[in-house]
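Shown here is one chain on its own, the form predicted alone, set out as structure tokens.
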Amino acid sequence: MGNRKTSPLSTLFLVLIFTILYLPIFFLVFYSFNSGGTMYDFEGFTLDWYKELFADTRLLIIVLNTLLIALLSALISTVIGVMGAIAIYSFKNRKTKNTLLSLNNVLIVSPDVIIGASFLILFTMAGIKLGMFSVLLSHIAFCVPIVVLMVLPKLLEMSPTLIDAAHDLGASRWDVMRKVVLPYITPGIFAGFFMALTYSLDDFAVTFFVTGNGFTTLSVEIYSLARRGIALNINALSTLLFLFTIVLVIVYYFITVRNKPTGMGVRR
């Protein structure tokens, strides 16, 4: 199949879309180095806002809390999501499988405000104190369906003959899972983990409902700071988060390229 030539109009449209998406971010990054202290007139280059950011012990603790919640929720939801995807895949009844998929998808498309309010009511009724534990449970809950959606397509791509061949060679169910299924769906597992990590880092609405006194995450803290007035240390923090996100994307890209299956054999 020959290469299709991209029309100038399509190229212009793509450039326009990326400009609209990235221009506010670059604007924010640019003014994080402004010595004037405002986002109106750039008076000179400075790193004072980054120094002020790293001197703020409370904000650094919030950063660590956010990263801890994101890593734990991504790890736990990946384990649960992989098991859930395998369970859905194992169902032979198409109606049952579609019902479970629909229930999974409802959690993804539901508004965050409704999910957050629901968790707040649930934790209040259950007597669970709002704080780190409630935030962690909430993040795990909304990350699991994302992992399922990332892993399930890889399971559906896998030929059933691979599993049949492994059983014919005398492999146990655990051997089939460990040596055939998991290696095949590894790209989907990594994709689910990084998606869950990103969703957890970005979440505001759900976290806003379930966080308590003495514990908060970056999204809620940035919202609180922005309500008091725009300070350029917020720009500095946002710039570092943007760079961290880019690093995550690059790492995910290299991991998926490295784990891209070139062929699949059955090992006894």
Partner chain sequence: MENRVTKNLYFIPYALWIALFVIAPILLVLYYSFFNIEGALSLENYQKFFTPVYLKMTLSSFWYAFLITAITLLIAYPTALLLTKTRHKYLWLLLLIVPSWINLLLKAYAFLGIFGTYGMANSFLEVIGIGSQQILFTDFSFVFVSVYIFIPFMILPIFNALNELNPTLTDAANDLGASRLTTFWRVTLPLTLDGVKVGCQIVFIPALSLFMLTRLIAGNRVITLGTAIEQHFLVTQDWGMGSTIAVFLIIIMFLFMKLTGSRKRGI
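Not measured: the values here are computed from a predicted model. Residue numbers count along the first chain shown, from 1.
Note that the form predicted together with its partner chain isn't included here; everything after this is about it.
- Heavy atoms of Tyr223 reach within 4.5 Å of its partner chain in the predicted complex, making it an interface residue.
- In the predicted complex, its partner chain sits within 4.5 Å of a heavy atom of Asp202.
- At a distance threshold of 4.5 angstroms between non-hydrogen atoms, Val113 is in contact with its partner chain in the predicted complex.
- The closest non-hydrogen atom of Ala231 lies within 4.5 Å of its partner chain in the predicted complex.
- Counting a residue when any of its non-hydrogen atoms is within 4.5 Å of its partner chain in the predicted complex, the hits in 101-134 run Ser102, Leu103, Asn104, Val106, Leu107, Ile108, Val109, Ser110, Pro111, Val113, Ile114, Ala117, Ser118, Phe119, Leu120, Ile121, Leu122, Phe123, Thr124, Met125.
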